[in-house]
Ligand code: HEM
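Have a look below at one chain only, the form predicted alone, in structure tokens format.
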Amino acid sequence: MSDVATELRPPSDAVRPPRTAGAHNEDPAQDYRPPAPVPTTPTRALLRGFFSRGRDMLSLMPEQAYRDRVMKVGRTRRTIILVNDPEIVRRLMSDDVEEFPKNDLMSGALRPLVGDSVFVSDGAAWRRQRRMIDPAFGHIRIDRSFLAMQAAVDAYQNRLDDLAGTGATVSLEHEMSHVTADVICRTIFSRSLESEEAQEVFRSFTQFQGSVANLQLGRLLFGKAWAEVEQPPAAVDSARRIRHLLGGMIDRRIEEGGPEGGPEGGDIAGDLIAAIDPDDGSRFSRDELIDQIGVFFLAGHDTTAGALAWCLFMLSQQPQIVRRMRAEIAAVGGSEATIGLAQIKKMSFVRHVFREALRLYPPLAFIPRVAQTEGHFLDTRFPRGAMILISPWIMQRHRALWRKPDIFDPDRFAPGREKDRCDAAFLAFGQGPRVCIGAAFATIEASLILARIVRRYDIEALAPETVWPASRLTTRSVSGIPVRFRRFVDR
């Protein structure tokens, strides 16, 4: 059953119905549906996909996609099979990964930036890289990384104090990218984002995100399997610039003596430089080091930044949720006390809020795979080369798996509410052997950032009725989320 009866379209071509994004919700009993396309018939969804502002897969998916376990998507040159069944998805992402490797579209989009890194490789290449980078994962353990998180958020609070003092209008997505990029920069290279080189890496990542061609509608409808994905010149140039900058940072670390020349206890860059394949004794080449560090930088800041931006936008429309968060923060940490790891671990409601933001706006809305052989799921057959589409966006809003799936309800993750959610269908961090190794890192990082921002600032969304999601490289807004920060005054 759809939670909203009338169809929503992007703000350019329709007026939103009441009780959705665009108005503050002071009534805790009133459901809040943040911005997202309302599923409709296949024909209308196809037309909307072509003519809406987003022009992407979110608008293309019909109502049937949110109800069926397995579905063939439209009439396309290349067979596309959408899979929503948790057990089949588990097989695809855990048991049958060799038969359904990463899709050529996803790999083609990322290869200019991260080469044949652990994020896009498959088979023997992936297994070799995982063997070698596993030691580096120790540096994203919370007990080793929390001080870097705190330092980055301390620096960012100074920035927000200045913005709040002037009343400047800023992009919420840009601001969250700034603070999360600083966190990952300190974790990888033990240096802050404020260096000129790190700032240029950050700017280039932003440009790459905005220009890269990923799951584009025309390619999905008319493209052939295993066709070469030609990236726009802007994306290629941004990727080349990022790789050049990362290469320079790696060269300096090697000149300093590799891991021995780094900080006490080492960091990710040092571990990767020192990594040795236990099977053959080989090390990463310079290009391979750039590949892997590019993945850490991309996955370590861009995905978390997008989820935080959506989370803070929804909070700007839900003051009663903000009040509950502030009460919890004050209870465990005090309104002006430093928030440490022990306090963060006690903030269960803050974590529920972030988890609900990840459910509604998963960083990767679609996870494409490619069938190496013909086969079938349930009664739906597919040929070799078919695109098998796993969609966290759809599974996490599926009518049969979640209660009121389009409604922002952080309490659905509380103990005792298990019947209102489907944990097996929560894919924001992936699943199986390629599950996000930084899930705990990202959750603590996001909880710290949310707690520090919510405790100290109010956020005013300047044009909430224009905010609309689109599936780009990650789930972002079509035209930005302009906001103002103001210092919170407890009356």
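This structure is a prediction, so every number in the text was calculated from the model and none was measured. One-based numbering along the sequence shown.
The same protein also has a form predicted together with the named molecule, omitted here; what follows describes it.
Undergrad: 63-71, 32-40, 459-467, 436-444: which one contacts the named molecule in the model of the complex at 4.5 Å, heavy atom to heavy atom?
TA: Contact-bearing stretch, as computed: 436-444.
Undergrad: Given that the partner is absent here, does R369 sit within 4.5 Å of the named molecule in the model of the complex, heavy atoms only?
TA: R369: yes, in contact with the named molecule in the model of the complex.
Undergrad: Does any part of R78 reach within 4.5 Å of the named molecule in the model of the complex? Heavy atoms only, please.
TA: Outside the cut-off, so no.
Undergrad: In the model of the complex, does Q317 come within 4.5 Å of the named molecule, counting heavy atoms only?
TA: No, Q317 stays farther than 4.5 Å from the named molecule in the model of the complex.
Undergrad: Indicate whether the named molecule has at least one heavy atom within 4.5 Å of a heavy atom of L360 in the model of the complex.
TA: It does not: once the named molecule is placed as it appears in the model of the complex, L360 has no heavy atom within 4.5 Å of it.
Undergrad: Answer with one of F208, F408, F119, F313: the residue that has a non-hydrogen atom within 4.5 Å of the named molecule in the model of the complex.
TA: Residue within 4.5 Å of the partner: F119.
Undergrad: Find the only residue in V322, I339, L245, A299 having a heavy atom within 4.5 Å of the named molecule in the model of the complex.
TA: Looking at V322, I339, L245, A299 one by one, just A299 meets the 4.5 Å heavy-atom criterion.
Undergrad: What residues, if any, in 169-188 have a non-hydrogen atom within 4.5 angstroms of the named molecule in the model of the complex?
TA: Going through 169-188 in order - heavy atoms within 4.5 Å of the named molecule in the model of the complex - there is one hit, I184.
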